[in-house]
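First, one chain by itself: the form predicted on its own, in structure tokens.
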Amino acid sequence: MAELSAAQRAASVATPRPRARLRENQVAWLLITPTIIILVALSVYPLIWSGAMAFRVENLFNPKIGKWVGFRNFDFLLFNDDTFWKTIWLTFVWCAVVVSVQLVLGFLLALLMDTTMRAVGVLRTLLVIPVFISPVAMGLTWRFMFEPVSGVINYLITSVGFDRGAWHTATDTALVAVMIAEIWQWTPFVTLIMLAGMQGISPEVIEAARLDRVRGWTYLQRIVIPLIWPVITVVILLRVVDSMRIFDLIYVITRGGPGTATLLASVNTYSIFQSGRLGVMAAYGFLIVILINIVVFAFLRVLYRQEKASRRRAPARA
């Protein structure tokens, strides 16, 4: 009986009472409530408000003319506004070129830094500096460097015998100029993530490849790339989404010009806001959000299939 009563007392002590559970839940809700309020105030409410505005005619300079118009704003953008489709295509080209170059350069730099040399630590520290630079400050710096008359880039080009370039002031080269600035800033980010994936490869796998004399492109194709492919997929997802919504760098360097040479979707949205057409701006933003969600969903499906396939291969290897 003494042993039974001791066991009961131990069980009663180990099992929290209903009042204790209630107090824990109250404390948990008390701690999480400010976060929920901030999230609703800064994210959910603006999303609902802009969603309602997308179905209205709203003018920033004359609020009295606001009225419900249904899908008229979406119909105008999709079927009557040529600029919309041009900016969508330009955004697609921007993402494809920028992300592709960043992946290739980031992969090559990660291969160079995947070593145990002492100077690699200092090189990694220096490499990550562009990521922490403010996009506005970086945009102003690159804008001064691209200046056709007094820019340092034209000075370097002419010093080796080439002609000056107009860079961000010409319709043919403006997009390329902004791409160079974007690639310069975010390639180190891709490099560091790729390097982390490479250093996560098991040393036994690397040693087995050396014993089998698997080297060069065969080593990269059959061992490195398959093992870090989930990391590569995540990097592509992050960079594509971030590239689709870029605004500050392009606005500081070219403001969407000259003409519409660098008028990406995000910059065009701001241009619509400046014209006062808030309803069209909200509809434009929702279409971009839908496009981004489609891209994210596609990449998540790819990640899910990769994880599912790796789980199937794991028992077979075992």
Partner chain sequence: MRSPLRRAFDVAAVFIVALYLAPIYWVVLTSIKPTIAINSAKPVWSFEPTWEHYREAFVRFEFDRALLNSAIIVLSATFITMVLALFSSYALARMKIKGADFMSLTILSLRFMPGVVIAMPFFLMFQRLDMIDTHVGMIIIYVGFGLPFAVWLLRGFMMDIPRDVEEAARLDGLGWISIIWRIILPMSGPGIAVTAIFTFVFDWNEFLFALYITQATAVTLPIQISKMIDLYNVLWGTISGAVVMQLVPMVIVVFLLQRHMIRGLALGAVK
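Residue numbers count along the first chain shown, from 1. Values in this document were obtained by computation on a predicted structure and should not be read as measured data.
Here the subject shifts to the form predicted together with the partner chain, a form of this protein not shown in this document.
Contact annotation: of the candidates 221, 115, 83, 100, the single residue with a non-hydrogen atom within 4.5 angstroms of the partner chain in the model of the complex is 115. In summary, among the residues 140, 225, 93, 78, the only one with a non-hydrogen atom within 4.5 Å of the partner chain in the model of the complex is 140. Though the partner is left out of this view, residue 165 does not reach within 4.5 Å of the partner chain in the model of the complex, counting heavy atoms only. Contact check for residue 209: no non-hydrogen atom falls within 4.5 Å of the partner chain in the model of the complex. Contact between residue 69 and the partner chain in the model of the complex is not found at the 4.5 Å heavy atom cutoff.
Mapping the unseen interface onto this chain, residue 23 counts among the residues with a heavy atom inside 4.5 Å of the partner chain in the model of the complex. In short, of 69-77, 213-221, 118-126, 85-93 it is 118-126 that has heavy atoms within 4.5 Å of the partner chain in the model of the complex. Shown without its partner, the chain has 152, 155 in segment 152-166 as residues with a non-hydrogen atom within 4.5 angstroms of the partner chain in the model of the complex.
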